[in-house]
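Presented below, as C-alpha cells, is a lone chain in the form predicted alone.
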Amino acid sequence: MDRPLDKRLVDDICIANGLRNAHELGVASIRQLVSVVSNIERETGERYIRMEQGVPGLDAEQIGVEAECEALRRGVGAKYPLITGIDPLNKAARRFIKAFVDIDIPEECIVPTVGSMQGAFATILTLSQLRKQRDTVLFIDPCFPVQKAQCRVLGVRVEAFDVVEYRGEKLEAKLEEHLSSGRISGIIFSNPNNPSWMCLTEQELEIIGRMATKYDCIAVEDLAYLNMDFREDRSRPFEPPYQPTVGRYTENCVHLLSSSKIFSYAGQRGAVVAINPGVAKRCFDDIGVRYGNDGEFRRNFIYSIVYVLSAGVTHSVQYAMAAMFDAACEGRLDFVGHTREYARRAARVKEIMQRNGFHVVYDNDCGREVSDGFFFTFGYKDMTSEQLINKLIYYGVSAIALGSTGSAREGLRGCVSNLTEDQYDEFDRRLQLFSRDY
C-alpha cells in the first residue's frame, strides 16, 4: 500500500454494514467490524493487518483432532451426550485444573459448555436468578465486551470500573464501594486480562476472594488465556508456578476454562465451567421457587439453564477436550510452549508500532512491564479511540476501540494471533504512511 484507501468506498461499506460512516467504527461490535474489514478486503483486494478479532493463529492441537475423529468413528455422533459431561472429560478436566491451577474441583462440579461464551451466559443468567435483591453484576474492567452484551440481552444490571487506577491494596476500597450496596450477585474478571493483558496479582486475587466472601457474592474468573503470562514458565504440570486464581482465597467462585485459545480449538466450541463445591452445593431460595426444586446452584445451573441452551456439548468435542487435558497433564502436550508464539509476535508488533510513534496504553502491571501475549493495547499521540480507528481503517489496519471494553483510557485493542511472517514489513510501511500523514 502506497496511499490510503478510497474514503468513499470505505464509507459505503461501513454504511452497508449498518453504520452511518467510518466514524462509527469506534462503537461497532467486534463481529460488525470483522464484516466491514472482510468486505473492504474483497472490494479492494488489499489484505488488512487484522487485529480486531481474538481468534487463534495456531493449528488446532492434533491430539484433540485425532481423539475427536476416533470418537466419531465409534459412533458418538448419533448419540446425545450427557448434559453433565462425559466421564472421561470430567475426570480429565479435574486433573488438568489441579495440574495447572493447583485447586481441587470435584468431577461433578465441572460442566462442559459450548465455549466460554455459553459458559459466561449461563453463569450470568444463574447469578441473576439466585436472589431477587441481587440484580447487578460487577465487571472489573477492561473486559471482553461480549460479556456485557450478554448482560444487556438478559436484562441484568451492570456496574464496572477500570482496574488500572485501583491496583494492589487500592482495589479493596473500590470493591467495598460497589459491594456494600448489597445488589452485586457476581464479580467478573479475566486473568490475564482481555484486552489490556495486565495480570492480577496474588494480593489482588486475595482481596477479591475476601470481599466475595464478606459480601456473599460469587467471583467469576475467566481463564481463557490460562498460563499465558509468559513472564514466568508455567508449562510444567503439577509443579509451581501455577496460574494465579481467586480459588485459593474463597469458596464463592466459578472458573471458566476454554479450549479455544489454550488448545487453539476455537472452531469446535468446547469449554468447561468449574464450580467451587462451596457454591455448587449451596441452595438459594429464589431460584428454587422459580424452578420448583431445592434451589441448589449446581442442579439449576445444569438442568434449568445449560440444558435449555444447548442440550449438551457436541459429543465428539468432549472426547477431544478430554484427550488434550490428559495429554497436558502427562507432559505430552506443551500448550504453554505452543502459545508462547503469541508473545514473540506481540514483541515484534509493539516494536514496529513504537518505532512509528505509537505507544502502549496499558504498559504498567504493578510496577512491571505488561507481558507480551495474545492481546495488547496501543494509542497514537492524543487521538481518541474513535479517531484512531476511524483513521487507521483507511490504512489497512483494524483493531477495536478500548471504549467498548470499559476502558477509561483512549486507544485500541490489538490481537496478534493472525499476523504472519510476510506481513510485518507491510505493517511497518503502512504505519510509516500513517505517521507521515498524522
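Only a predicted model underlies this, so the values are computations on that prediction, with no experimental measurement involved. Throughout, we count residues from 1 along the sequence that is shown.
What follows is about the form predicted together with a further copy of the same chain, which we do not show.
Colleague: Please pick out the stretch from 205 to 213, 153 to 161, 359 to 367, 229 to 237 that is in contact with a further copy of the same chain in the predicted complex, where contact means heavy atoms within 4.5 Å.
Modeller: Answer to the contact question: 153 to 161.
Colleague: Given that a further copy of the same chain is not shown alongside this chain, does residue 335 nevertheless sit within 4.5 Å of it in the predicted complex, heavy atom to heavy atom?
Modeller: No - in the predicted complex, heavy atoms of residue 335 and a further copy of the same chain never come within 4.5 Å of each other.
Colleague: May I ask you to check whether residue 242 falls inside a 4.5 Å heavy atom distance of a further copy of the same chain in the predicted complex?
Modeller: Taking the distances in the predicted complex, the answer for residue 242 is no, it never comes within 4.5 Å of a further copy of the same chain.
Colleague: Would residue 265 sit within 4.5 Å of a further copy of the same chain in the predicted complex, counting heavy atoms only?
Modeller: So residue 265 counts as contacting a further copy of the same chain.
Colleague: Contact with a further copy of the same chain in the predicted complex for residue 78, defined as at least one heavy atom pair within 4.5 Å: yes or no?
Modeller: Contact check for residue 78: yes, within 4.5 Å of a further copy of the same chain in the predicted complex.
Colleague: If the cut-off is 4.5 angstroms on heavy atoms, which of these, 117, 327, 353, 179, is the one near a further copy of the same chain in the predicted complex?
Modeller: When a further copy of the same chain is considered in the predicted complex, the option within 4.5 Å is 117.
Colleague: Sort through 136, 304, 250, 90 and report the residue having a heavy atom within 4.5 Å of a further copy of the same chain in the predicted complex.
Modeller: Result of the distance check: 304.
Colleague: At 4.5 Å, heavy atom to heavy atom, what parts of 50 to 66 sit next to a further copy of the same chain in the predicted complex? List them in sequence order, or say none.
Modeller: Stretch hits, in order: 54, 55, 56, 58, 59, 60, 65, 66.
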